[in-house]
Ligand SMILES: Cc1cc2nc3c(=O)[nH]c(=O)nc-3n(C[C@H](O)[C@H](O)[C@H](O)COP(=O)(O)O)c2cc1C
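Coming up is one lone chain in structure tokens, specifically the form predicted alone.
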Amino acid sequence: MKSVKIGNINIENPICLSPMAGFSSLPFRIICNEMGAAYSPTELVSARSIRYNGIDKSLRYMRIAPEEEKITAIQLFGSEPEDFEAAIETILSTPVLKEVSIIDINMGCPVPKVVKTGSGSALMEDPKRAAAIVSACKKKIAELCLNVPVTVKTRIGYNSEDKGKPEFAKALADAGCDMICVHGRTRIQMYHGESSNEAIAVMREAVRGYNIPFFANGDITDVKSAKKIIEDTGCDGIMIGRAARGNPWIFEQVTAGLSGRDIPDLPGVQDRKLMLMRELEGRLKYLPEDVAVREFRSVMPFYIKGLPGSAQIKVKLCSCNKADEVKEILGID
């Protein structure tokens, strides 16, 4: 794929990790970037929480490592422009966060507890509010005399009959959005059913004349599906989500395949186990051991999926509370 520019940031290889709650930890993002992901946004964080509770409560989800990640992105969600303004001012004045490269706004999360607040994919039903949020973010960043692009990740629609929301995409572009990424499912679909490349293409065409990059996301599981979504939608870049869980090597494979190079084989059993431990040990650097291991229980099964005896190993891993227990079950010295 050709390089693209998000604001003033050059993205050499526009193949990225899609932000995922529970999975987009800092160590996992670093791993994905090493494997070829251009950049990897954080998990979604509440702009309102930052505004009223400060940074401490949300910091663990927003941790970035500019030296290792190179390009960093913090993803925010909310429904009030003022919340975003306050959150951005706090983020860009906090030493551990102010070097962030991109502010990404979640306008696609379908989870009920997010949607009922008017956030996430609910914003697709209110394009004026969505545009106001983008404008407020851009304005606040300009007031701070900084040059941080604002991007949006959204969906093809809210209701089951939606087949793309071209006017919504235009509203975002008119408000100054520096990049739009569209996931090919509606809010009603959640993460079920097929992702629609055709609906993504409708939104892509709507903003083609705005000279901003457009990314596509949904059902990208290998080189073949990556090529198809690019061909079907005319997108400038792609984001890979669920297929990367426990499989950061997918970025290495897709990058090679799209470049016409030989696709590297997936790693063997031992390498997968070692990568699992690497991510867990990365989490241990900033979380108490019991918390890190407990939260990692939902991630570990993806690393061992398909391995001999994986069902029995999964049961044992999901009762672990210490890193040494995980090592013992995996047979790692």
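Residue numbers run from 1 along the displayed sequence. In this text the structure is predicted, and so the values were computed from the model without any measurement.
The discussion below concerns the form predicted together with the named molecule, not included here.
Original post:
Can you say which of 94 to 102, 253 to 261, 159 to 167, 213 to 221 gets within 4.5 Å of the named molecule in the predicted complex, counting heavy atoms only?
Top reply: In the other structure, the partner sits against 213 to 221.
Subject >> 4.5 Å heavy atom contact, Lys227 and the named molecule in the predicted complex >> reply: No.
Subject >> Proximity of Met20 to the named molecule in the predicted complex, heavy atoms at 4.5 Å >> reply: Looking in the predicted complex, residue contacts with the named molecule include Met20, since a heavy atom lies within 4.5 Å.
**OP:** Answer yes if any heavy atom of Leu44 is within 4.5 Å of a heavy atom of the named molecule in the predicted complex; otherwise answer no.
**Re:** Yes.
Subject >> in the predicted complex, Arg242 touching the named molecule (heavy atom, 4.5 Å) >> reply: Arg242: contacts the named molecule in the predicted complex.
**OP:** Tell me, out of Thr151, Gln75, Ser121, Thr233, which residue has a non-hydrogen atom within 4.5 angstroms of the named molecule in the predicted complex.
**Re:** Only one listed residue qualifies here, and that residue is Gln75.
Original post:
Pick from Lys140, Arg204, His183, Arg187: which has a non-hydrogen atom within 4.5 Å of the named molecule in the predicted complex?
Top reply: By the 4.5 Å heavy-atom cutoff, the listed residue in contact is His183.
**OP:** Scan 295 to 317 and note down the residues that get a heavy atom within 4.5 Å of the named molecule in the predicted complex; none is a fine answer too.
**Re:** Counting only heavy atoms within 4.5 Å of the named molecule in the predicted complex, no residue of 295 to 317 makes contact.
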